[in-house]
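Shown here is one chain on its own, the form predicted on its own, set out as structure tokens.
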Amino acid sequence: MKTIFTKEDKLIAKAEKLIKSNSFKSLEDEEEYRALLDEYKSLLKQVKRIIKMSDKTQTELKAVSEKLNVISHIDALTDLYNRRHFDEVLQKEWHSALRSKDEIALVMIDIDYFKKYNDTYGHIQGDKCLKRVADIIKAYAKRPRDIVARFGGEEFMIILPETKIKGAVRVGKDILTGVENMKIEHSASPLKQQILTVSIGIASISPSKESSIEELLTEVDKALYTAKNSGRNCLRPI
């Protein structure tokens, strides 16, 4: 802000120097000049204060805007990214893979018989369960560009840039085991263990002009459907 008022500050300094030089014709002229200078200094001080307040407000508004932008991309329950953020990142990573000719993998995770879990233990316990599963997924998708999102309900999705199917399967197996090792009781599960489990579908593609994001999403959804039809608590890659 100092640089904005350089000329004004120089003018005040020049005026004060003129007053000290006693070059006025009469005392009345000097007093009138001094009064005008004091008024000018007062007005300038107010302008500086207003600009300072405006700058502070702009900074605060920017911080609030950035915070709201972050919140709009986060799932409130699990603290994972939400579907909106997932869609935006997938678009970016798709185009990045298209340029670099790298592969991109998706891992789709669904909690087995989650409706039965909610009906048996209640929604509060169900929410705790979702958070615990979210934490397990995050623990195994930890590279800087890996994105974990709550895709909807009890479904989660991971974007794994520059990842072939083999690498994605390794991540999926870790998650499968991690959830099983939590040994969360699920007495309503038709599965033998009667603990909380997940089913996982995996798909990987090297994008081309002939392929599309919708194709990759369809493939990973098919893979998850196959895992569910294979008895659940398993993963199936395509």
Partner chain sequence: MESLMIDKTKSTPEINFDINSGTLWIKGESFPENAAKFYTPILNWIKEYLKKSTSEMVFEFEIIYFNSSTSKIFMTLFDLLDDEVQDGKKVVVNWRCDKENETAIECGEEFKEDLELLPFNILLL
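Numbering follows the first chain given and starts at 1. Predicted model, so just to flag it, every value in this text is computed and none were measured.
This protein has a second form, the form predicted together with the partner chain, left out of what is shown; the following refers to that one.
Partner contact for residue 38 in the predicted bound form: the partner chain, 4.5 angstroms, heavy atom: Residue-level check for residue 38: no, no contact with the partner chain.
Proximity of residue 49 to the partner chain in the predicted bound form, heavy atoms at 4.5 Å: Yes.
Proximity of residue 45 to the partner chain in the predicted bound form, heavy atoms at 4.5 Å: Residue-level check for residue 45: yes, a contact with the partner chain.
Residue contact check: residue 54 to the partner chain in the predicted bound form, 4.5 Å heavy atom: Judged by the heavy-atom cut-off of 4.5 Å, residue 54 is in contact with the partner chain in the predicted bound form.
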